[in-house]
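Presented as structure tokens, the chain that follows is alone, the form predicted on its own.
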């Protein structure tokens, strides 16, 4: 994780900065592989079928059975996946299933995951892990007690750009991270008024149902944060007025369509100072750290669905685009060597020097600190994948990581039960503050 304000990190070499994280991870002990993992799917909507296709591409994994309260959906998935159809409650405890994948509405996750764990099954759960912190913590405890996997499908960590950003933040090549902003202007075109998404009793609200993805991503970069403030807005009720010739048509209830919060994370641009340079009182200051603002709205036509994540550093900024970021843009004032390192760190990079500083311009100052720079640079970068293809890759890679743990209890995962719980903790606190704010 990035150094905190009380740490004195050693500066990595240029090669270490540019090296993939996997090359720096300690190798774990390898166990003999188990036989084929038999996967059971509960909830057979389009999203579950999409995820199942990625799981089937993993070696020695088979979709053995599917279940849904809607028989038509279950049979459609069974035909596509060449799997049997089982009653949901039976599938969860079936001795023919090793791993249960839950793609049901969030309010059902806790009860179904707990039943599967008690039956000795590993569990993958669509986000969130649960809609209350207490329920999420219970699942973590039950999984630990039985030595089982139980994580939410928080795919953001598995994006190659997420790993690149983490290494870039840790390297301090752009100085310290100061501020972050994520804006999610999401489509609601596929969410009918009666969809469970709008029902807080079933979804937990936008922070819980959706925000957990991005709380987890930023925690992957900066460590666990705290929610400072939050707010929400509600869409007025909508319906069709009586026309005098028939009954009053349904008038839909007000729904939560926009939420926002500001969080503080335990890292910032002062982290490079030695402890002797930072007074103890300042290190204990509750206002220390990175402020990160999250905004989520569901109110756009599908063609206008858009997301942007912005990271502001001491010497530049980065913007990432799409909800699972596919590409981005960097602008900074650096020297030539740093620009070369950045180009190696960022996949598919294209570098453009926009200005070369004269010798008398190379002394740069910001945040009361001096540094030398020779150029201003713009770097565009990309995963090279379209949004859907990248999403499929992240779903595949998360499952591969978790199934490796199923086969080998010593396998070190990128995403754990504790991470899944932490995202729910942040979401529930943001939701509480937003409701208290009125």
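Since the model is a prediction, treat every value here as computed from it, not as a measurement. Residue numbers count along the first chain shown, from 1.
This protein has a second form, the form predicted together with a small molecule, left out of what is shown; the following refers to that one.
- Exactly one of the stretches 381 to 389, 365 to 373, 408 to 416, 43 to 51 approaches the small molecule in the predicted complex with heavy atoms within 4.5 Å, and it is 43 to 51.
- At least one heavy atom of residue 88 is located within 4.5 Å of the small molecule in the predicted complex.
- Although the partner is absent from this view, residue 105 contacts the small molecule in the predicted complex, with a non-hydrogen atom inside 4.5 angstroms.
- Contact between residue 323 and the small molecule in the predicted complex is found at the 4.5 Å heavy atom cutoff.
- Using a 4.5 angstroms limit between non-hydrogen atoms, residue 171 is distant from the small molecule in the predicted complex.
- Screening 159, 153, 260, 338 for any heavy atom within 4.5 Å of the small molecule in the predicted complex leaves a single hit, 153.
- Taking a 4.5 Å heavy atom cutoff to the small molecule in the predicted complex, the contact residue among 166, 127, 315, 232 is 127.
- Remark: none of the three candidate residues (100, 137 and 216) comes within 4.5 Å of the small molecule in the predicted complex, counting heavy atoms only.
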